[in-house]
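One chain comes next, on its own, written as structure tokens: the form predicted on its own.
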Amino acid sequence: MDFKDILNHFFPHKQLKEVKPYGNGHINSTFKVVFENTQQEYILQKINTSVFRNPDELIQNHINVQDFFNCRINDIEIPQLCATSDNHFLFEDNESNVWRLTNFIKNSYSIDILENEEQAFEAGKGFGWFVKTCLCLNPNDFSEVIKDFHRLSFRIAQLDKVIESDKVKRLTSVKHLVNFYKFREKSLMEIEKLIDNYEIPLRVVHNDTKINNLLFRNEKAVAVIDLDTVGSGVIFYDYGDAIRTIGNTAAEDEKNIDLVGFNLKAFKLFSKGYLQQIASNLNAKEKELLYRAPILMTYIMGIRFLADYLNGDIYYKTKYPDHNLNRSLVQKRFIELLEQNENEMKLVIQKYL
């Protein structure tokens, strides 16, 4: 690929200094861009069009949030899309690759695992601020860029399909793991029924609140990034997925399951920061069942990793043959720990509500 040619469509008068891979995202290919004679840096991404089949919808969702946020005075930033010289936010190269460019948030850094518990409070404040700010937006104005992204029944159906086909003959070795997830299926489906009945309301949410989708500066949250999935969803998705990564003492793909732990202090601090932002906007059913959100989201990710493993690792990037299996085993262990701490989690949430 010719980075110089791609970037010339965005900034025809800038001289390219450096392009290097950046981050460890599962889906898109991401690069940090530096030009000569300027302090502003940029993030260039090749959009994975196998996952995001309509990049224009993805961009429009980002613009919906960007235009709204730019009309406000904000303590926390979001990435700003850069237009091409012909005033588009996407560039398609001669190999049909689709690219976008955003600004790089200056002097910021991301983390994959908490370095200290205070970062948990900042993460809660940051993600809570984002969803609170989005309360004024209409979920119907946003496209569903990945159909049924967090819909549990859809993810269960995907798992059932690959279990039935067992196309790469891995099922026998993971029967115990399949049984673990299938045992919890019915109780978690009750949450989906409440969503379908509008007892848990749809809102504009981030939909991918891993800790590494928040940027820090001097230990303070300064930006919410990766808006690819922003749009219609429920509070449970954001709160639950954040706890899935913030509350876990191990990496998402840790090989040594004994290192997987539940950081209760981080859970308390994240919940405090998050609920200080959004508690007054939650309805009774959201408040009652919020403690189930981390289990729901860890479960969804666990069966997604397992389904991809059984399907031959065709969705997530993998570095070794059992990578997706290890990811699913980490989610399994974390679910067990969350279940053991449910009563304490309820008390913490009630305290900050």
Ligand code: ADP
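Everything quoted here is computed from the prediction, not taken from an experiment. Numbering starts at 1 and runs along the sequence shown.
Although not depicted, the form predicted together with this ligand is the subject of the following passage.
Among the residues Val65, Leu289, Ala307, Ile27, the one placing a heavy atom within 4.5 Å of this ligand in the predicted bound form is Ile27.
This chain lacks the partner; the member of Ser110, Ser232, Gln119, Asn263 within 4.5 angstroms of this ligand in the predicted bound form by a non-hydrogen atom is Ser110. At the 4.5 Å threshold, heavy atoms of Ile43 reach this ligand in the predicted bound form. This ligand in the predicted bound form is not approached by Asn248, whose heavy atoms all lie more than 4.5 angstroms from it. Proximity of Asn213 to this ligand in the predicted bound form: non-hydrogen atoms within 4.5 Å are present. Looking at Asn138, you'd find every heavy atom of it more than 4.5 angstroms from this ligand in the predicted bound form. Looking at 167 to 175, 271 to 279, 99 to 107, 232 to 240, the stretch with residues near this ligand in the predicted bound form, meaning non-hydrogen atoms within 4.5 angstroms, turns out to be 99 to 107. Contact annotation for 59 to 89: a single residue, Pro79, has a non-hydrogen atom within 4.5 angstroms of this ligand in the predicted bound form.
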